[in-house]
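Okay, here we've got a single chain as structure tokens, the form predicted on its own, with questions on binding and movement later.
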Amino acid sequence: MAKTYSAKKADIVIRLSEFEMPPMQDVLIVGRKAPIGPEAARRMVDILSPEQYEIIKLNHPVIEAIVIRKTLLNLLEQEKLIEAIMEEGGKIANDQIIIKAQINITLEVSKSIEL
């Protein structure tokens, strides 16, 4: 008599994203000759959200720094996140501008488990 083998399987998809609290934006891109510098921008956002932002200084001809929400850096590697921000923000930035940006990061995990 031949053995019969039966297996059950379920796919699980989990989507995780950061809970956002208005009115703060996630990122400020600060030009080298902007009316306020990156430290002043951080002080400004610290009034509404103390210790929630980090300044990342850049070696870029037009952009001096990015002020970014720290929780975003917990979700994605800093280098990859800055690269994505600069790829799009760098296209419209100039040395006298401050650009605010909202970033939604969704992590998707898919696993199969045997039942």
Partner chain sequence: MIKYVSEIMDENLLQVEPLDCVSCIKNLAMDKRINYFPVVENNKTIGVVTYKELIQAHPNRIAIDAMTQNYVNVNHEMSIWEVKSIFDDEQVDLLIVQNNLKPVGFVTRSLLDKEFGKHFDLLTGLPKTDFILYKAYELLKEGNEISVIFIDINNFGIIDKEYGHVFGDKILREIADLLKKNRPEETCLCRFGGDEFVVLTPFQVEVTKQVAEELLDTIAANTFGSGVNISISAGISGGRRISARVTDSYSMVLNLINIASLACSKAKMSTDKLCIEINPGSMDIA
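Residue numbers count along the first chain shown, from 1. In this text, all values refer to a predicted model and were calculated from it rather than measured experimentally.
What follows is about the form predicted together with the partner chain, which we do not show.
For the options Ile36, Leu73, Val45, Ile82, the one in contact with the partner chain in the predicted complex, meaning a heavy atom within 4.5 Å, is Ile36. No residue in the set Asp26, Gly89 and Ile103 has a non-hydrogen atom no more than 4.5 Å from the partner chain in the predicted complex. In the predicted complex, no heavy atom of His60 sits within 4.5 Å of the partner chain. At a distance threshold of 4.5 angstroms between non-hydrogen atoms, Val30 is in contact with the partner chain in the predicted complex. In the predicted complex, Glu64 is the single residue of 56-80 with at least one heavy atom within 4.5 Å of the partner chain.
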